[in-house]
Ligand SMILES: NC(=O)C1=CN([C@@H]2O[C@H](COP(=O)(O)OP(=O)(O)OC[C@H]3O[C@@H](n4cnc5c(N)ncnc54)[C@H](OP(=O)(O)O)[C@@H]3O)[C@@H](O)[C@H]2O)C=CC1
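For reference, the chain that follows is the form predicted alone, supplied as structure tokens.
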Amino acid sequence: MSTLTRRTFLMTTGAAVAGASLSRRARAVGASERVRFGLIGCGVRGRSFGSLATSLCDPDQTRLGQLAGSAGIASGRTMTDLRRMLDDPAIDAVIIATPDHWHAPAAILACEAGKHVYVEKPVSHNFRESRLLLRAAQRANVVVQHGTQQRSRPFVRDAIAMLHEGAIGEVLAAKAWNVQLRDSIGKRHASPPPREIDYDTWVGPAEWMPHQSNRLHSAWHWWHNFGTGDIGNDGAHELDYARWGLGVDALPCKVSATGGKYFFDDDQQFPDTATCAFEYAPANQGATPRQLSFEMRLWSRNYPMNCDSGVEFYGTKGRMFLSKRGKLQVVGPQNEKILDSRPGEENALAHIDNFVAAIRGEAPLNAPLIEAHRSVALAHLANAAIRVGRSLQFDAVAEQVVGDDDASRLMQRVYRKGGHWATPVGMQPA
């Protein structure tokens, strides 16, 4: 693990390349200046970034105060309205670690304010918002990194390079999984929100729903209005490096997914069990299709390959098993062991380091928005197929569902009636 402190990180990332582009209100990062981060979202994931931030934002005053105290951030640099942070010329970049329904709206606003953006996975709550964020980033000419940090791990990058160099021949299929034993969120009724939470801000541009205790703080993952289920949550990592290793730089043409609540009897709306398959059209004449599958079970500790998450890649000359848990195995065409490896010491801030290097113009992004869009689309399409109960045909060029109005509607979302200041432009409710 890295021993890099907040102070040394800011010092080492401070020297920026003259002329690095910060459009609109943000200034060019000068050669003697630091990259100054604002953190939006002080929950479980946000706390891992607290030591990097100079300002904090969260509608929960308790979480905001706790992180400010542990990170040594003065009360004048904390806020509940992200617009204050985006208006602050002292902030060069923001890290967005909010619930899913705020990811794209906050990132779009940050782009429009000229801030560079590190946005946690999944990059969007729905397919349409991914496209809107892509356009916003292109217009603003800012750097946007997706929080799929496996793309900056040398262990994973080296394994993917082996695949692309033909270590197991031509890779035709990948099988990813997320298997774990989660807790029930129970059954609750509407109730007044806690006094320390600005619930109106927490809901933001999403369709209004009254407060319910099992809709906040991690439980939001399991509600259609706020989350993407575990396919978009933990599954976002496996889907991403499965597609990366499979070598498909496109969207799928066919989607089949089935699942439901097989185990939990509670309020959560997303499935606890799912099996999903995606087919990719041949990349060019003479090429072959590719297939990516994903399995999810949230009620078991009986893991494939004795690992709760991972990907198996199947090639014409062997098989590779790769897991973000630090496991890599390669076998040949007769299942003979070729490689069994574990990572050495790794830099926990490698993905942030890459983000800063990209801002300074010193390196390409490891997880750019286009890759985020293509990977997170798999979660959105799988969730839609499960909800409508049928397979989907998808036009990967036009980026739209073919011949299924119900599924097409699930590619976007319903925003708050009457409008909200964070609703993406062009998507305001009538």
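When you see a residue number, it is the position in the sequence shown, counting from 1. Computed from a predicted structure; not experimentally measured.
Same protein, other form: the form predicted in complex with the ligand, not shown, and the subject of what follows.
Trainee: Find the only residue in 323, 130, 78, 149 having a heavy atom within 4.5 Å of the ligand in the predicted bound form.
Mentor: Exactly one residue meets the criterion: 149.
Trainee: Between the options 99, 310, 259, 245, which residue brings a heavy atom to within 4.5 Å of the ligand in the predicted bound form?
Mentor: Contact check passes for 99.
Trainee: Does the ligand come within 4.5 Å of a heavy atom in each of 46, 63 and 216 in the predicted bound form?
Mentor: Checking in the predicted bound form: 46, 63 and 216 are all within 4.5 Å of the ligand.
Trainee: So in the predicted bound form, is the ligand close enough to residue 224 to count as touching (4.5 Å, heavy atoms)?
Mentor: Heavy-atom contact with the ligand at 4.5 Å: absent for residue 224.
Trainee: So in the predicted bound form, is the ligand close enough to residue 105 to count as touching (4.5 Å, heavy atoms)?
Mentor: Residue 105: no, not in contact with the ligand in the predicted bound form.
Trainee: How about residue 59: is it within 4.5 Å of the ligand in the predicted bound form, going by heavy atoms?
Mentor: Flag for residue 59 set to yes.
Trainee: Can residue 40 be called a contact residue for the ligand in the predicted bound form at 4.5 Å between heavy atoms?
Mentor: So residue 40 counts as contacting the ligand.
Trainee: Could you tell me which stretch in 86 to 94, 268 to 276, 108 to 116, 232 to 240 has residues with non-hydrogen atoms within 4.5 Å of the ligand in the predicted bound form?
Mentor: Within 4.5 Å of the partner lies stretch 232 to 240.
Trainee: Listed by sequence position, which residues of 106 to 127 have a non-hydrogen atom within 4.5 angstroms of the ligand in the predicted bound form?
Mentor: Residues within 4.5 Å: 120, 121, 122.
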